[in-house]
Ligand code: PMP
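Below, in structure tokens: the form predicted on its own, a single chain.
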Amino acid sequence: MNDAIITTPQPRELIRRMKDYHPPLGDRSGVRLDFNENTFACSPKVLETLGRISRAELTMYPERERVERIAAAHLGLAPDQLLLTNGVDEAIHVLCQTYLGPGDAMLLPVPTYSMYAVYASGTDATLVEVQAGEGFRFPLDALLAKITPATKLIAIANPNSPTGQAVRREEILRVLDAAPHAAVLVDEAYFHFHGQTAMDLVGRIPNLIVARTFSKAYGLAGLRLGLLAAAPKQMQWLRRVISPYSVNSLALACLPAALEDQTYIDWYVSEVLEARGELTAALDRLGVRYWPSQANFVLTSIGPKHAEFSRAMRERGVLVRDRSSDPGCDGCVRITIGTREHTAQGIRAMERALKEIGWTGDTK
């Protein structure tokens, strides 16, 4: 045996530097007010569809095209303006791979959804973060000041997570106008709880790309299904990058049923909106500071006892999400809003948890 050094395969240096993302999954039994999911169920029509799928159908590779036509018609788009994805996470990954290379830059208002930075860090581009203004206000002027010829991708979550803040349409239009050379993603994951959209601008503004998810209001997080909407000239490149089989057959089979059941969506959204008012009223009564939200969650300021509070809630069977490590979110905990029943359980647990940890207000 020679003296050669035995090594194992090593990843590229870029991958070594790539940001990690570790979702706090594990045991999620109890009331799930941590991941902004639908806390109840999907449409019963989706379950009926699943029950009709045969074993033979699962032997075939999935084909998106027919279902993309259905989804496009539902949104008032042309078929060549819509692309179904394996959740919005894949959509973000595809955008980063399509538009970001050496010498390029991505602009990202923060705090925001973690996966934008994760996937951007997997490219050779520079990530330029722009801190939100006071009260997590959208940093329009600061963002516009950072746009350069190197800017190739801008991501705007509307409403934003974890803050729940919405971006006004005129602000989005100013960003689109200021960076015609950059793809501008408007991520509308929480559209149903906000009601405002830029979808009508798709195709009319060449650099606009809109994302939607079926993980929130539709309750299909387990099927991993999202979409991108863009002008056909942009869509041709996105289709070149994405895997042709990344959206599985079960998701494709269920989506038409989910889209057809508007009665269920209207019911669930109304539950969330009523529960949002009940939660914020309880926070006011308890003296817990929070930021007004246009989504299915509320960001609260617990202060130095944020970790104790999250643990105390878990011990009472209610999961919440500690966001204290996000930029500008020290001491913050995000609480998902689900049905009124689940929200009531969360409020009762919160009352007991705050008392147990001796919370007397955000004293940071």
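In this text the structure is predicted, and so the values were computed from the model without any measurement. All residue numbers refer to positions in the sequence shown, first residue = 1.
One more form of this protein exists, namely the form predicted in complex with this ligand; it is left out here, but the text below deals with it.
> Looking at Gln81, Ser161, Thr123, Thr151 here, can you tell me which has any non-hydrogen atom within 4.5 angstroms of this ligand in the predicted bound form?
It is Ser161 that has a heavy atom within 4.5 Å of the partner.
> Of His93, Arg224, His192, Arg276, which residue is found within 4.5 angstroms of this ligand in the predicted bound form when only non-hydrogen atoms are counted?
Spelling it out, the residue with a heavy atom inside the cut-off is Arg224.
> With the partner removed from view, which of 181-189, 201-209, 69-77, 127-135 is the stretch that lies within 4.5 Å of this ligand in the predicted bound form, judged by heavy atom distances?
Among the candidates, contact is made by 181-189.
> With the cut-off set at 4.5 Å between non-hydrogen atoms, does Ser215 touch this ligand in the predicted bound form?
Residue-level check for Ser215: yes, a contact with this ligand.
> Can you check whether Glu171 is within 4.5 Å of this ligand in the predicted bound form, heavy atom basis?
Residue-level check for Glu171: no, no contact with this ligand.
> Is there any non-hydrogen atom of Pro111 lying within 4.5 Å of this ligand in the predicted bound form?
It does not: once this ligand is placed as it appears in the predicted bound form, Pro111 has no heavy atom within 4.5 Å of it.
> Just to confirm, Glu260 within 4.5 Å of this ligand in the predicted bound form by heavy atoms?
No.
> Pick out the residues of 78-98 whose heavy atoms come within 4.5 Å of this ligand in the predicted bound form.
If the 4.5 Å heavy-atom criterion is applied to this ligand in the predicted bound form, 78-98 yields Gly87, Val88, Asp89.
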